[in-house]
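One chain comes next, on its own, written as structure tokens: the form predicted on its own.
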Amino acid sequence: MNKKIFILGGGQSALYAAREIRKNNRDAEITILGEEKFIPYERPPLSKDFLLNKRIDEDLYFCSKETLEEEKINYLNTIIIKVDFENNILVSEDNKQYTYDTLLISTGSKNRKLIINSEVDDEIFYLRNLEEAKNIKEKALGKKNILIIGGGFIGLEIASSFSQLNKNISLVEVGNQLMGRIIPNQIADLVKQFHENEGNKIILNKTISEITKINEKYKILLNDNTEIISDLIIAGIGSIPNVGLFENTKLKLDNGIVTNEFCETNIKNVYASGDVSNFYHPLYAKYMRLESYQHAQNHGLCAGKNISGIKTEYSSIPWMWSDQFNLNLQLTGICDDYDEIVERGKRIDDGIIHFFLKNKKIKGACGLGIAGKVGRDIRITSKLAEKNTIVDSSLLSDQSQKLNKLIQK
């Protein structure tokens, strides 16, 4: 008897899970239910190469429709409005019902919305999917002055891309540093300085008090009464797990869908993966929710294995990156549980890395450099963190010493 496996959500985690299931199970009926008309595609390039016209939408797909057909993976563009966990039924917007044996939820996350006033709220743009990226790219044509609200990865990447297209960029961040939740302030300051050297205006510690529209332009009033005139407003103020569909159900929610290290929820035969999952990480002995390309991929693969009956613990070291201008920023592990910080390197040209240690073991690291300068050392750092290797701080800080020496010990 073929199992009916449905995957709710049409992103990267969903696709990797589906293909992993198919690799291990030739007979299951696998269906991805996605709200977008596009088959699964890469999202990181949307704020970078796609805006810069270096890649078009056809370049972003993980695989072709023909590949999905060959692998017998169905992709349906539909919106699910109800999940009946008692009877294993999904109900779509057009009142179709889908009965599943196993359900994987990979609904991702959604943008936080900025609420200023009713006059302009609907004219503030956000970037999370391909349709939004297309809209922003089209709206930016012929525009010169762009305001970006939010100094996280997405805001800075958009600022970098449009700056390279000769736009005048103003970026407003409510915090006292860029990327404040996860990036060391010294590295955040270097990123800020780099943006400013490229002509971007970075404004910290300020909030938006009011936005009014004058003809085709916007007047933005900050809380210190500073005024900014802009042709286009883009907000990137974080995201929240996309769990609205599961509220008031028996599915356990807490900053996402709570799962164990095997991607299992509290409901039998219901799994969750990717951005939407608040999962237990055995290495750190705590629950965490991650939003990154690598996590979406690896968590999807792990879910696919477990759904296939291959018991697999998810213990991947978190890793994410951001490309801005010719800068490459990388983060591995967790950087909020440490008793020592070790700095390696002094110049962006050579690469700078901050290591976060606890009991002489690396918990996490953040690196910044001209493209290609920190990637190798960050990869080695991930291996050291995974193996709980005791490290010598003096070797970490000495850029003339190769980090792979620590692995060989």
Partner chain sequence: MADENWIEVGSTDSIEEEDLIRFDHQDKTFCVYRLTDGFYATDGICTHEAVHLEDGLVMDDEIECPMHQGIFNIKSGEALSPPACDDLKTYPVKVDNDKIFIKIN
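All of these numbers come straight from a predicted model, not from anything done at the bench. Residue numbers count along the first chain shown, from 1.
Same protein, other form: the form predicted in complex with its partner chain, not shown, and the subject of what follows.
- Partner contact region in the model of the complex: 380 to 388, out of 353 to 361, 24 to 32, 65 to 73, 380 to 388, criterion any non-hydrogen atom within 4.5 Å of its partner chain.
- Checking Asn129, Asn168, Thr249, Gln297 against its partner chain in the model of the complex, a heavy atom within 4.5 Å turns up for just one residue: Gln297.
- The contact with its partner chain in the model of the complex, taken as any heavy atom within 4.5 Å, belongs to Trp319 out of Trp319, Phe162, Tyr218, Tyr314.
- Looking at its partner chain in the model of the complex, residues Glu20, Ile182 and Glu264 place no heavy atom within 4.5 Å of it.
- Residue contact with its partner chain in the model of the complex: Glu173 places no heavy atom within 4.5 Å of it.
- The shortest heavy atom separation between Ile56 and its partner chain in the model of the complex exceeds 4.5 Å.
- Taking non-hydrogen atoms only, Lys373 approaches its partner chain to within 4.5 angstroms in the model of the complex.
- Looking at Tyr287, you'd find every heavy atom of it more than 4.5 angstroms from its partner chain in the model of the complex.
- Of the residues in 319 to 334, those that come within 4.5 Å of its partner chain in the model of the complex through at least one heavy atom are, in sequence order, Trp319, Trp321, Asp323, Asn328, Gln330.
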